[in-house]
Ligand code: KG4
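In the block that follows, a single chain appears as structure tokens, in the form predicted alone.
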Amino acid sequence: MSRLILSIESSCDDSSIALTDIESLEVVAHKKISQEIAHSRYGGVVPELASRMHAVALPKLLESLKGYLDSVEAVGVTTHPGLSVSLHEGVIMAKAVATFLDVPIIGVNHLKGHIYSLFIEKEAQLPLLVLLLSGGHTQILSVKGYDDMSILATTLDDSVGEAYDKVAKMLDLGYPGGPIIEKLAREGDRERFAFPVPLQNSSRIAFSLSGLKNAVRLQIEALKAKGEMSQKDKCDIAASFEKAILSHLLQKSKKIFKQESIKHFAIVGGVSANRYIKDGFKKLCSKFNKEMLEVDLRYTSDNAAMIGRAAIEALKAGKFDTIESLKVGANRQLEAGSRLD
């Protein structure tokens, strides 16, 4: 009989539950309910709405997997970082299930989940350098083990995911912005608008998107002042914005590539699905003789399968929480030099 871990992800606007075989690492079941349509009318995630929707969606997902519960030997759940009201719904369910089944419970760092999305249904390849591009974080990490992850560079303000969402909102394109901007950019002229590459003349190894975002806003306002924006204008803005984003990411990553001898590199998080960004980094990896690992597209966005995969690492190391001690953690941007807990 299979030994399964049940995992729960509710850090933002996706409700997800998965079952993973502890020994084979096979994803036995993976269920997910997206809230994108509900939040799109607001141009971003509304925390209170997200929490209420998790409270409805998570029990439905668990009900669909009840036939597997006799084989569940542990429960993993995202505890941080994320929207506290959303995380709370997942933690409540995890505690209830773990108590009912009398099995260990494991709190998982959402960012570690994204890193282990690389290794869903496979053994981990460590050490590696990771560029984490999500809705709330932009970081480069050195990953040597589940409990040995160091942040080498981080954002000073917005994340790449936030920048995509905010530019999409400026262009009245809806939410989430990443896929929309990427689609428009494929039809646009990347040379039309010379948006500034952030921190281009700074030796600091860090990311910053607020200045670029403001430059895009000013350009949009200038075009609107001349009349209604055309579809071509939107495509060209998207393409030029994306070019500046990639240039910024490559310039700072190149500095780290020169310092770090680690062979493997990967991009994880929702923005890792962006083909233009991936292609740019494949070229950079080729120049530095690094092997680029990729996340299966099914698991680039927030999902419970990645939380389950990370939780298995903790389980094998004997790292458990207790029902009483498991709490929602702080939603904060860690500085360079910090370690993921």
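On a predicted model such as this, the values are computed, not experimentally measured, just so you know. Residue positions are given as counts along the sequence shown, with the first one as 1.
From this point on, the text means the form predicted in complex with the named molecule, which you will not see here.
Student: Pick from D158, D236, E89, E182: which has a non-hydrogen atom within 4.5 Å of the named molecule in the predicted bound form?
Tutor: Here the answer is residue option E182.
Student: Among G188, G135, P104, G107, which has at least one heavy atom within 4.5 Å of the named molecule in the predicted bound form?
Tutor: Spelling it out, the residue with a heavy atom inside the cut-off is G135.
Student: Can you check whether A273 is within 4.5 Å of the named molecule in the predicted bound form, heavy atom basis?
Tutor: Yes, A273 lies within 4.5 Å of the named molecule in the predicted bound form.
Student: Is there any non-hydrogen atom of Y116 lying within 4.5 Å of the named molecule in the predicted bound form?
Tutor: Result no; Y116 lies far from the named molecule in the predicted bound form.
Student: Determine whether any heavy atom of G269 comes within 4.5 Å of a heavy atom of the named molecule in the predicted bound form, and answer yes or no.
Tutor: Answer yes; at least one heavy atom of G269 falls within 4.5 Å of the named molecule in the predicted bound form.
Student: Evaluate Y164 for contact with the named molecule in the predicted bound form, applying a 4.5 angstroms cut-off between non-hydrogen atoms, and reply yes or no.
Tutor: Judged by the heavy-atom cut-off of 4.5 Å, Y164 is in contact with the named molecule in the predicted bound form.
Student: Tell me the stretch among 95-103, 196-204, 213-221, 127-135 that has any heavy atom within 4.5 angstroms of the named molecule in the predicted bound form.
Tutor: Among the candidates, contact is made by 127-135.
Student: Would you mind checking 167-186 for residues with a heavy atom within 4.5 Å of the named molecule in the predicted bound form?
Tutor: Read in sequence order, the residues that approach the named molecule (within 4.5 Å, in the predicted bound form) are P176, G177, G178, P179, E182.
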